[in-house]
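Starting off, we have a lone chain in the form predicted on its own, written out as structure tokens.
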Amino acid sequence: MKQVGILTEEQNGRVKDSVLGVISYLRQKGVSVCAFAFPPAPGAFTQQLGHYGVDTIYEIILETDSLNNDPQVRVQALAQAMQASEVSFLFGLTSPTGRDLLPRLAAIYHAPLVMDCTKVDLDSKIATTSMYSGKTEAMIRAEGERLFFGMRPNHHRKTPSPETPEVVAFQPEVTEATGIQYQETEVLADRGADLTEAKVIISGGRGLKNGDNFQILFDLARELEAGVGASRVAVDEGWVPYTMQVGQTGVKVNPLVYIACGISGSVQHFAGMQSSGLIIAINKDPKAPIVAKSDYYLLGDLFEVIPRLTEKLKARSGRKEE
């Protein structure tokens, strides 16, 4: 059985659902999956990764926060762990972490790297990704002894496939003289669920008028356990940070439900959310492009619709107004 590797990512002490989705996708292809992890403690991910079909886990041990937060050190460790394993195909997410580590790894091995993949044929070594704002698909053939693929987050759903994984405690030989100094990790104010992981996303655009008005989206997101996104206009105006931008030049998302509030729906924005399971638009303009592209739309004032929806959801859950 062919063995492939997966670079894990964690959030709040657990492996991200997007990683588990990629593992499930690979298991459906009948391959053995080896996970490379930087767990917060030995055995932290064993049960979770085993439940979704991982056969082998390389727990990479870095002794200090300074080393663990240095991408050059992590890449050294990953390269050594890959060398010790039988893995020739390594998968990760097209996420900030994946964009940081996968190109560095590919450079070490002088190997091909394809990012934002939706599927990969392991036999033909052909990866599928989208191009031209999602208007067409590109099929890219990779050649080499080692191949690297960044998968689109949240594109594949996790499916249990229990295994009892072998756990390898791996102590790499790394150098601290990388030129990068770790200072601290700053936790930003709550912005709702991670956009790449969220099953529901509520995004705002020009119709929100200013940054303060995004609070009504955060209030609704809290009731739906949703993430909050934004159009490029909202980001360019300085209303919200770039990390919230959904679109061709922002993050590409794949939620089950995408709610676009006061967003016209440019081609660039649509490129970042067109693979959503269900698209709902709230807009006053019936001729807005997003209306034609949505599965359901509500023609109305978002400043009336969203607070009323939030109140209804609070009433159903029994929560009191804060």
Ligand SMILES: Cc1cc2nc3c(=O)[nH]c(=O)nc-3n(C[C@H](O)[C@H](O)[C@H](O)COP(=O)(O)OP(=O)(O)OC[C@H]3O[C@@H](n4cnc5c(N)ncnc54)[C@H](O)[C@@H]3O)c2cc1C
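Position 1 is the first residue in the sequence shown; the rest follow in order. If you're wondering where the values come from, they're calculated on a predicted model, not measured in any experiment.
Only in words, not in the display: the form predicted in complex with this ligand, which the text now covers.
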Legend entry - Among the candidates 92, 227, 153, 207, the residue which, in the model of the complex, approaches this ligand to within 4.5 Å (heavy atoms): 207
Legend entry - The unique member of 62, 279, 288, 31 whose heavy atoms fall within 4.5 Å of this ligand in the model of the complex: 288
Legend entry - Joint contact, 16, 27 and 38 to this ligand in the model of the complex, by non-hydrogen atom at 4.5 Å: no
Inset, instruction - Can you check 154-162, 243-251, 70-78, 115-123 and let me know which stretch has heavy atoms within 4.5 Å of this ligand in the model of the complex? - result: 243-251
Inset, instruction - Evaluate residue 50 for contact with this ligand in the model of the complex, applying a 4.5 angstroms cut-off between non-hydrogen atoms, and reply yes or no. - result: no
Inset, instruction - Classify residue 274 as contacting or not contacting this ligand in the model of the complex by the rule of any non-hydrogen atom within 4.5 angstroms, answering yes or no. - result: no
Inset, instruction - Would you check, heavy atoms only and a 4.5 Å threshold, whether residue 266 touches this ligand in the model of the complex? - result: yes
Inset, instruction - Report whether the minimum heavy atom distance between residue 262 and this ligand in the model of the complex is within 4.5 Å. - result: yes
Legend entry - in the model of the complex: members of 285-304 within 4.5 Å of this ligand, any heavy atom: 285, 288, 300, 301, 302, 303
